[in-house]
Every structure is written in C-alpha cells, then in structure tokens.
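Have a look below at one chain only, the form predicted on its own, in structure tokens format.
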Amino acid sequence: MRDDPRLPFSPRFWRSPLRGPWFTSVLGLVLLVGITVLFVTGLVSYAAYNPDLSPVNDKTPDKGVLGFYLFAWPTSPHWLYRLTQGLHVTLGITLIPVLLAKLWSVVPRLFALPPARSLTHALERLSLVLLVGGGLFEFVTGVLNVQLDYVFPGSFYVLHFYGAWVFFAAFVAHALLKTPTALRNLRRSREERNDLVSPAPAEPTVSRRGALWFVGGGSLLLFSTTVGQSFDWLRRTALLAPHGGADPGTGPNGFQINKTAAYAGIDPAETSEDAWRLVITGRTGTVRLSRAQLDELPSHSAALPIACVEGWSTSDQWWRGVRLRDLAALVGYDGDPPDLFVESLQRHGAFRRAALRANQVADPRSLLALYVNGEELSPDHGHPARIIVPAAPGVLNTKWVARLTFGDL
C-alpha cells in the first residue's frame, strides 16, 4: 500500500513540484501572524458583549475558566468595536486562500504511514488533526455567520467560541514545534528534501514564488471585495459582503440595517403615538413616558456608528434623543447611574433583551435615540426609540425599546 503510486499513502502519489519546506514555511508564518490577530480580536469581540454582566448577554454560560480575560468594555474610542470586529472578519476572509494553500501543501502528511512512529509523533499528528479540523470549522462557521446570517446547526456563539479555543490550543502547540524549523527553511538558499518533496515530481508549470503570488492575489481579491463593508465610500466594492452595494434606502434613514421591523415581528399599532409608552423602573419606582413627553426632556446629540458582529458598520450617524443617565435620574439615580436592563418589543431574533454596564449608561453620548440625521427613526431603525451607545456591538443598541430597568442586574 505504501509503495503503490495509485494510493495517497504512497509518497509517489503526490507529484506536485511546488510542495516543499520553503513553500509551506512561508504560508505557515503568514498564518502564524494572521491567526493570532484573529484569535485576539475574536476574544475582544466576545468581551464587548459584556457576557458576565447579565445572563441575557451571555451566549456561552458554561465558559468557566475560559472567561478569565473578560473585562468591562469601554466606550472610547467610539469606533473601537467597528475597528476590532471589522479587522476580525475582513482578515478572516482574506486568509482563506492562505489557509487552503497551507492545507494543500501538507496534505501528504495526513496520509503518511505508519500513523505514529513514537509518542511524540503521535501527539504531533493529533495536534495536526485538531489544527486542520479546527481551522476549517472556525473559518466555515465564521463565513456562514457573515454571509448567510448563520445556517449551521446549533448556536454560533457557543460553537465558534469553544471551537476557537480548541483550534488555537492546537495552533499554539503546532507553532511551538514548527516555527523554529520554518525560520530555518526560509534562511536556506536551497530547498532541502523532506517528506513534503515528491520523490517523482511532475514537470513544473509555475514556480513556488509564482504560486505564492497566486495565493496572495486570491487574498487581495477577497480583501478588496470585503473591506468596503466597513466604509461607506467603499461599500460598493464589497461585492462578497451582505451589506455591500448600494444603501438600502434614501434620506436620513437610508443606511444599513440587520433586522427589519417586519422580521422582528413589530406591530405598527404598538408603536403608534397613542399606544406606545416607555416604562422606566429604578430606585424610586416606575415612570411611564409617551413619545411626546420624551420630546419635552432635554435633548442631546451624538455622532456614532452602528457596528455588527458580521464585520459591517455604518459611518457616524447623527443621533438625537435623551441621555440614558438623565433617564436614570428620573427614577432616583442623580449621581453615578447603575447598570441598565433594556427590553424590546421585538418578538423574533436574538437579543430581544440586553444589559449595559454603568460606564456605558454614564457616557454622555449614550442615548435613547428618537431621531437620526435630523429625522424621526424609521420603523426598521427602531421607531419610536432605540438605544445608541458608543463602541458597543450593534445588538446591544436595542431597537423598539419598551422598558428600561436601572439597578443591579
């Protein structure tokens, strides 16, 4: 079996002259940097959801020690989540050709016999299986979440979070074993023969450097057709991004949305001037305010973007409404406001309820917004009122707000 060139267990089955330690090392070092950035920005994104604040924010409640790094998410700079999550998604998509090329370059090792020559070799092979499987799983689930609003069975948050830790543990082990060798391979002037080099190579049709240019070109293409979803002036170039292309409408409310009023199950009768009331609960009891009464309260404005976990974001929009800390004062919190629990009228979709930390409530730019860009909120943007908080993930900027509860959560 091992000597039959018709079977993948034979070294002679793999005839590409491109495979070799130099080609694999270049790809591996690119992934070493890129995947490290992906992992860090992914953890940062999870922290931005404030999962330790309230169970409604925590989509991985059994994370245990894996949540050791969590911290209170800041409100400055106001574009922080727009930057970190845009980098996470755009870099992940950009690295797909590099990942596929790297897997192709080492595929003969997956069929090498015997499966384990020693305990050390067995551990290395196991880490390779976890590395390959984990890498494919993370990239596939991430792309599905970005492109198709997630169609993978099970919770994206749970699967992607735990998958990331398994994958990165295997990645670190593999990097510790292979990085010194990869650096030596890059310094060598000649390609040395090893198990990646075919003993019976076919005639080359492209050089190894040419193949790297091909991979780099694929990454550049994916980058250029994705990155625009984070910049209004480049959005039409984001051909591979769901929120690329033209704006979804015209006028002050004509910017990107993730969840329409129809999808969320919003009944227009509930949001009418006569029917809708904002219920605010706190230390001194409960206050109910109509939309007209909210308009009579002191009004403030803030220029803030909407940035979502799928990597897309808007430019800064001008929001106007009542400061959250002023609403807290109405129910007994004249000094530093406490944490806030927000409830929406929406019936479908995640984050019908969300929690905000005290530092987010206290920020003077944090609003219960009634207007955007000089016009009343449209139904799809959260009419009659929505939360807008600097640097928060889009899902924490709750739309169609019905109730605000200030105090310990």
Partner chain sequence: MRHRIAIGGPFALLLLLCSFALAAYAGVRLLADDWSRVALWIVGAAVLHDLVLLPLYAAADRVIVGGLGTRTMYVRVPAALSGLLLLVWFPLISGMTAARYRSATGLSPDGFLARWLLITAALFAGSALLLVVRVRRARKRRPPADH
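Since we're looking at a predicted model, the values are computed, not measured. Numbering follows the first chain given and starts at 1.
The same protein also has a form predicted together with the partner chain, omitted here; what follows describes it.
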ask   = Among the candidate residues Ser315, Thr179, Thr260, Ser301, which is the single one with a non-hydrogen atom no more than 4.5 Å from the partner chain in the predicted bound form?
value = Thr260
request  = May I ask you to choose, among Ser76, Gln293, Thr284, Ser118, the residue with a heavy atom within 4.5 Å of the partner chain in the predicted bound form?
outcome  = Ser118
ask   = For the chain seen here without its partner, which of 78 to 86, 100 to 108, 266 to 274, 315 to 323 has a heavy atom within 4.5 Å of the partner chain in the predicted bound form?
value = 100 to 108
query = Does any heavy atom of Arg353 come within 4.5 Å of a heavy atom of the partner chain in the predicted bound form?
reply = no
query = Does any heavy atom of Leu66 come within 4.5 Å of a heavy atom of the partner chain in the predicted bound form?
reply = yes
query = Would Glu375 count as a contact of the partner chain in the predicted bound form, using a 4.5 angstroms cut-off between non-hydrogen atoms?
reply = no
ask   = Taking heavy atoms only, is Pro252 within 4.5 angstroms of the partner chain in the predicted bound form?
value = no
Whether Val140, Trp165 and Pro242 all lie within 4.5 angstroms of the partner chain in the predicted bound form by heavy atom = yes
query = Even though the chain is shown alone, can you say which residues of 243 to 258 have a heavy atom within 4.5 Å of the partner chain in the predicted bound form?
reply = His243, Ala246, Asp247, Pro248, Gln256, Ile257, Asn258
